[in-house]
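Take a look at this single chain, the form predicted alone, given in structure tokens.
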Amino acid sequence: MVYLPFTSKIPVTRIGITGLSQAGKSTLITAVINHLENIRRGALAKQTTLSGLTHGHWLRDATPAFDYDAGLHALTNSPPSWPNSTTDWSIARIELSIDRPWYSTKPRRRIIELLDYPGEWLLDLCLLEWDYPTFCAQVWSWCSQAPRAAIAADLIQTLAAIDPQAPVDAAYLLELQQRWAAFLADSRLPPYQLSRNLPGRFLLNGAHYHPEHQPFIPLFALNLSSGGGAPKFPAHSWGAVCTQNYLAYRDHEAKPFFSRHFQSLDAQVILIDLLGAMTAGSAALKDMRAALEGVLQPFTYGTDHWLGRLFRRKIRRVAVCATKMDHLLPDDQKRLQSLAESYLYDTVQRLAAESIELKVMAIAAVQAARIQTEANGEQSLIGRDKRTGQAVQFTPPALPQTMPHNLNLKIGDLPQLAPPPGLDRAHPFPGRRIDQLLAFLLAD
């Protein structure tokens, strides 16, 4: 399905929202709509940047529409649960009423359009710059090192043994692609929490992509034996078929998505589970940072590059948000913000030089844990276990004061919490810094 930008006499602000694995994107979008529906209550009412906004109304006319009803049902149900992760792109549209003096010529209404899409698809950005041998070489550089080398040792050895010049076995190619997709799925989950899992649509196909129709895999022998230049493969060989299908994926799946959607965005939000990466350790932290640097790289391209023109045409604000800050005690919540800023310092500096405003934040879309203070002054957190629904009291791991430059950092595990009971659409959901995020995105 092709997205046609909403046309109206009412001005439209378009914001892309995506997240790397397990970051809580569906929950954030549901919470954002809920806060805009209750714009004169709670934290938004105290934001001076948003003081002119008087009413928010969720519109059901978007196609394909973000399933706000399903998100509300999950969060307000008894017992509540987190909204399901989205597996395709969708749109949420909210109309805002603005209080203007009678002499103001500025519009008195504005449409906020949230483009929701899987973070896995965003990671495909790097593929737009790679031919097939480069893809193989890059993936080999990751798979030849821990922890990927251990996660799928047999598969990696199998891919390295395939002769790219040999006739392809179509059934075996499809089997290996499925094994590669399973490897990507394993890599992004605990205890690994790896981010650079390509191609992204092998993990989340979307409604219109069928990977089995044009399967491909990385051929590591191609990288190991390549002497430079474009390799030549016999017709119907492993190298020829994988090259052809890779280019079809790059040029007819990944590239059109970015061309269609990113040319109309005014701002972009990227959610990350930085706490999850910290619990996994140094390899996960390095992999996530490299992934973020890759997806933000197009903002630094000049206007002579098509990706540079696409990303810099309108997008002037980018927010990278570390989620689940409510899983920490107050002092460590402040440290999470500081660690996130240090984590992406080089990227922030590069984008600032390009007049792109990048804001790094720590947030909680819906606060799942509350602070418990004992008589002796010691603090802990109380929430509900995601699996059992039972109350759980815990002391979260302490965060370091600074992020090690080499990212050699690992913290203790955190519990998996469920949403708090008693949420109601007619009231702003409890969250942390959603008002600051919206103030940043809607400042103009």
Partner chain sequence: MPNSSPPEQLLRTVIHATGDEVPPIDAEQIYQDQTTEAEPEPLLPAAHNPWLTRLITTALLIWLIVIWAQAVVWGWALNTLIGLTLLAAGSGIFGGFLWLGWQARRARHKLDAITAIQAQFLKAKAPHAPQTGVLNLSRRIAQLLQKNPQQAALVQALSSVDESWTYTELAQQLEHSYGAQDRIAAKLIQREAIRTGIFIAASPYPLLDFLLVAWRNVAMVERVALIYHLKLSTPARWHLYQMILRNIAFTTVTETVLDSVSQSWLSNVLLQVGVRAGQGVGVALYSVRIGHQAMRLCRVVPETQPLVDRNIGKMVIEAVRSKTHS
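Positions refer to the first chain, counted from 1. All figures in this text were calculated on a predicted structure; none of them were measured in a lab.
From this point on, the text means the form predicted together with its partner chain, which you will not see here.
- Although its partner chain is omitted here, in the predicted bound form none of R196, P218 and G239 has a heavy atom within 4.5 Å of it.
- Contact annotation: P11 falls outside 4.5 Å of its partner chain in the predicted bound form, judged by heavy atom distances.
- When contacts are judged by a 4.5 Å heavy atom cut-off, P167 does not count as touching its partner chain in the predicted bound form.
- The closest heavy atom approach of H55 to its partner chain in the predicted bound form falls outside 4.5 Å.
- Put simply, T395 is close to its partner chain in the predicted bound form: some heavy atom of it is within 4.5 Å.
- Considering its partner chain in the predicted bound form, the lone stretch of 117 to 125, 169 to 177, 140 to 148, 252 to 260 in range is 140 to 148 [heavy atom distance within 4.5 Å].
- Proximity to its partner chain in the predicted bound form, taken as a non-hydrogen atom within 4.5 angstroms, holds for one residue of A70, I411, L59, A65, which is I411.
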